[in-house]
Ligand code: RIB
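There is one chain below, alone, in structure tokens, taken in the form predicted on its own.
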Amino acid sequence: MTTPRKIILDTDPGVGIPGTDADDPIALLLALADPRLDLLGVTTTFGNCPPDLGARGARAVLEAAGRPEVPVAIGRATPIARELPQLLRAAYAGDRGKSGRIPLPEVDVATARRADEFIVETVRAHPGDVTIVAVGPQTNIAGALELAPDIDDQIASIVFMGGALGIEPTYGRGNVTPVAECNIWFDPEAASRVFAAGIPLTMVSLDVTNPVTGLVLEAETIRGWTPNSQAATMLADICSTYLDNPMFEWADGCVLYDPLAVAVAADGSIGTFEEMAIGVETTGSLTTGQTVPIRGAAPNLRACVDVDGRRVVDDLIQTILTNL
């Protein structure tokens, strides 16, 4: 049997919070359920909700899945080189700044582990063996690289959900601006630092995480579930919360952006990939956060350019419902 791949999941899980995506907690459930993965810990970043609230959400999912021993570390609440975007400040002043319909355990923020320190400690404990699956802004990873520059060549790889390359003409052009995807746009300097680190990168962008590829957990399927475990009940409640107040009106159901990154970490052959040279725009007045192909440069990542999303969704939901 192949040794499971050691991963850290860096995420912004809004669990039961109206107006937040369902995909982050589903990604966490998949990371726990897939036998090809060994989840060493969860680090929370801002995005769907503040990182301390995300830590409570992650803890709720871990407890529902029967894995309370998995450590959760809390990341910084702002980008590395700019203020928190006004879009997020306004959201956190409303529903996305407090717990919602799913009860969340309390987390002692004062004594909680710091995300950047946890990443450094974990990578040093397993040099060359840890993959970071980043499904939110890459602030924690950039912070870890700043804290310990020597870990650049000790991180096995990073698989991230983020960016938009315009390969898919309808959905691949940005979801927070016409050209920028939100995970990159929220902290473009962090993403730029990570892209330049020389770490093996796999990009899962909006070009494949969209309804055209079939990567949708359909509402009809969700409403037809009869949960038979605590984890399945958590999954159903998370999805139902999203259906009641979707963040994006892209499909009648949940687009599984972040779980695809976890699925790629478990099986790098599930999609079609191309080697590319990609940079992050950090100074453009209209294009900040855009992920830009660089002509003539050496590739710095492999990008997923096609996937059978319908098959991925069926497989990952079956994995969660069978193994948790």
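Because the structure is a prediction, the values reported are computed rather than measured. Start at 1 with the first residue shown and count on from there.
Unshown form predicted in complex with the ligand; subsequent notes refer to it.
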**Item:** Among 180-188, 103-111, 229-237, 145-153, the region lying within 4.5 Å of the ligand in the predicted complex by heavy atom distance
**Value:** 180-188
**Asked** V130 near the ligand in the predicted complex, any heavy atom under 4.5 Å?
**Response** no
**4.5 Å heavy atom contact, Q290 to the ligand in the predicted complex** = no
**Asked** Closest heavy atom of M247 to the ligand in the predicted complex, within 4.5 Å or not?
**Response** yes
**Asked** Could you tell me if M161 has a non-hydrogen atom within 4.5 Å of the ligand in the predicted complex?
**Response** yes
**Prompt:** For this chain shown on its own, do D23, V135 and N175 all sit within 4.5 Å of the ligand in the predicted complex, going by heavy atoms?
**Reply:** yes
**Asked** Of A73, L206, M203, L217, which residue is found within 4.5 angstroms of the ligand in the predicted complex when only non-hydrogen atoms are counted?
**Response** L206
**Message:** If you apply a 4.5 angstroms heavy atom cut-off, which residues in 258-288 are near the ligand in the predicted complex?
**Reply:** D258
